[in-house]
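We begin with a single chain expressed as structure tokens, specifically the form predicted on its own.
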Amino acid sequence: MNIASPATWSAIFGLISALSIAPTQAAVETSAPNAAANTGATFEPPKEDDIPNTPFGNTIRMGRDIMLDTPKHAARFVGNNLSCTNCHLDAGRMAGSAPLWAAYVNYPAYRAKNDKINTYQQRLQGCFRFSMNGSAPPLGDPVLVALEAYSFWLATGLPVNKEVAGRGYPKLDKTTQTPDYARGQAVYTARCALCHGANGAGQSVSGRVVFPALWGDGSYNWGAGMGSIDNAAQFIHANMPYGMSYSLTPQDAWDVAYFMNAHERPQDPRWLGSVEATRTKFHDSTLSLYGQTINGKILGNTGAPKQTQTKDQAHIAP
């Protein structure tokens, strides 16, 4: 397995330090073409310079800014240090990295996660509630309107309600070997720890998060899509290590996804009073480690969520 040279990582850190920019902007500079390679995607969203100089254009720019630095531009609704672009690289533009343009044209849609027909804004609410470990902005809030406007603009020219190549993360078939903690730890140490830290807490430059936390209080909670091992493995294989898409083997991706999700993180906000009840209702899958015993510890056994949802629950798709 090839490991990035010290010079490569030095260049990455040097770029970030020199520019003193948010992680999402760094993604635009260094890795935009990579994840799309195995998707068959041909669609190209409009260029940032094409955002119109109109009131609507200002809303589009606001959506872009929220993507790039969510804690700064949507602070009321964020409970960790992540930004949208940590999972949707290149500010939601990159095929193979859950691009916003590919998702936008397929909503409203049924979601098994809440057994409801969700609008696009309701889907965004879920991102804030789970991936951002925060609270869902009420429908019609300027934050949701801006993100929807930005997604709408990125999708310019795409037909509605038709699957488009590049949506989500590229499918990654299961491997012959079951994902393994020890193998995943070895991959993490060799390929991930330099950026995300040996303790998974991420890293900051000049007080700004550059590489996000992968577990612990600063990461996504147990209800996030990335908490499912298959989702994490697909994202990792196509997008990580940063700037080196598809450099991990499929087995490496499955193993390190297992290792990453075998650590404690914030409680699922859908907590039903016990780990057992919450797992039965929301995590009854071999792809979720919530409620499973890893290294002698029951994951998720941390009690009720520390953060209380403060927004009107009537506006939230659970």
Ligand code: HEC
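Residues carry their position along the shown sequence, with the first being 1. Bear in mind that the values here come from a model prediction, so they are computed numbers and not experimental data.
Omitted here: the form predicted together with ligand HEC. The next part is about that form.
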- Task: Scan 146, 205, 87, 229 and let me know which has any heavy atom within 4.5 Å of ligand HEC in the model of the complex.
- Result: 87
- Would you kindly say which of 111, 76, 72, 174 lies with a heavy atom within 4.5 Å of ligand HEC in the model of the complex? 111
- Task: Choose one stretch from 53-61, 277-285, 39-47, 256-264: the one whose residues place a heavy atom within 4.5 angstroms of ligand HEC in the model of the complex.
- Result: 256-264
- Is residue 222 close to ligand HEC in the model of the complex, meaning a heavy atom pair under 4.5 Å apart or at it? no
- Task: Would you please decide whether residue 289 lies within 4.5 angstroms of ligand HEC in the model of the complex, comparing each non-hydrogen atom pair?
- Result: no
- Item | Contact of residue 154 with ligand HEC in the model of the complex (heavy atom, 4.5 Å) | no
- Touches ligand HEC in the model of the complex: residue 238 (any heavy atom, 4.5 Å): no
- Message: Can you list, in sequence order, the residues from 109-128 that come within 4.5 Å of ligand HEC in the model of the complex, counting heavy atoms only?
- Response: 111, 120, 123, 124, 127, 128
